[in-house]
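In the block that follows, a single chain appears as structure tokens, in the form predicted on its own.
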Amino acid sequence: MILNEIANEFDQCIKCGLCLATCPVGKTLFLEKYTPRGKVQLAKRYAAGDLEISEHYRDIFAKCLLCGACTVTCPSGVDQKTVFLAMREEIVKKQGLHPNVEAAVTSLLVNHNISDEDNSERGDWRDDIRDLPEHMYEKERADVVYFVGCVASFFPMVQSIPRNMVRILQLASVDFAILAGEEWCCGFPLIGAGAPGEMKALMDHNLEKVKALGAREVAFSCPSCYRTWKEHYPTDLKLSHSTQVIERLIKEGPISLGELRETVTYHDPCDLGRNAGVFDAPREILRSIPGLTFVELASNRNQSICCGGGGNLEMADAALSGRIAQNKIEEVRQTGADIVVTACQQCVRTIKGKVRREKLDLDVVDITDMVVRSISHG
């Protein structure tokens, strides 16, 4: 991505400042250089040759969630995310990877996951499943491939998500398979790191493994995997987020939901909602659960406020990520809900991690957790 090719984005910016009110980083740090408007002006100066890239500017552009809130708010139609990603690419060329992100990128290229783990362990989340079928969800042929993603595969806090998802698919008699150790990272962290040129080997491998199963659909519980496949993978396969799959199964009748007497709110993940346009499916699922009281957050759908876990920010500046997560929690608590539901493993990790550290009384769950709880009461 060459900055000069998107110079029109710079020229469209009228410096109105509306993006300042929607940017979680800008509202937390209160410095112009960290706001979307400030970053656009820095990119414009760099493209004009008036700015030399340094570690200081690498730090500025690393402090961005890539959440897209600024882009949907901009009255001039400036695509800030495109500008910021282009700047991250330029920074990598001139200064190299951000040191806090380098280990994850190296692991991804060597181990095919972000966790510096042996990729053969990608399916170890199955160890806690009772009555695990003999094939362990690995088949030679399947209609649907469930693409789990790195975070839910390797981080214990969210390994319930794939366990929930396979249970739901099994109960609905869906012919599905997982790739287990043959699943490689989708490549999304490379985009955020400013190194998208390294993605091709990952994409080629994943496409080859899915096609070998004769699948017609790929299902994702990770919004970033879902978005990356939709935007970057050359395929005519049907691509669905888990909420879309579950909503379909509820409507078609293979799964039955029991009553839950709870009050919940829903946090729209940036990559699922604002960046992929999936807003209705998770809400339809929650409304389908008998007895459940659903309360919207003050900022929802396109205006949803990022949890603090996007854009590789957790790796680049964990303290800032935590401050933004605290702001999210405060918004959640204003609803009076006992449970905040989301549909993203990274959102669960970011919000729940902060809740645990602060010892707060708030249940943070993935939407698959709510579905499984409801099924258990059916």
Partner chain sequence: MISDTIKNEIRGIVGDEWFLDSPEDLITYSYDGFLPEFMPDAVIVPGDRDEIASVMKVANRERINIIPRAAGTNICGSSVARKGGIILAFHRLNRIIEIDPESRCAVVQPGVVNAELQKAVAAYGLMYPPDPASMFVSTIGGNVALNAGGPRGVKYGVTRDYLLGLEVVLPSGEIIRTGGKTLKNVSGYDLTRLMCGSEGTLGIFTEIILRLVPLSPAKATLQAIYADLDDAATTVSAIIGAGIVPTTLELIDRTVLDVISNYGDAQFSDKAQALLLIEVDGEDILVEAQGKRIEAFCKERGAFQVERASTPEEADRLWQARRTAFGAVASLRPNCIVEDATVPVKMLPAMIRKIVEIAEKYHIQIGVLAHAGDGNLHPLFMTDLRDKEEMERVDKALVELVEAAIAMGGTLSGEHGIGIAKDRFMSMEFSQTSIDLMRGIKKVFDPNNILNPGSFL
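Predicted model only: the values in this text are computed from it and were never measured. Residue numbers count along the first chain shown, from 1.
One more form of this protein, predicted together with its partner chain, exists but is not displayed; see below.
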{"item": "Full three-residue contact with its partner chain in the model of the complex, heavy atom 4.5 Å, for Lys63, His98 and Leu109", "value": "no"}
{"item": "4.5 Å heavy atom contact, Lys15 and its partner chain in the model of the complex", "value": "yes"}
{"item": "Distance check, Ser76 to its partner chain in the model of the complex, heavy atom within 4.5 Å", "value": "yes"}
{"item": "In the model of the complex, Lys352 touching its partner chain (heavy atom, 4.5 Å)", "value": "no"}
{"item": "Residue contact check: Lys328 to its partner chain in the model of the complex, 4.5 Å heavy atom", "value": "no"}
{"item": "Interface stretch in the model of the complex with its partner chain - options 336 to 344, 64 to 72, 27 to 35, 310 to 318, non-hydrogen atom within 4.5 Å", "value": "27 to 35"}
{"item": "Residues in 39 to 63 close to its partner chain in the model of the complex, defined by a heavy atom within 4.5 Å, in order", "value": "Gln41, Leu42, Arg45, Leu51, Glu52, Ser54, His56, Tyr57, Ile60"}
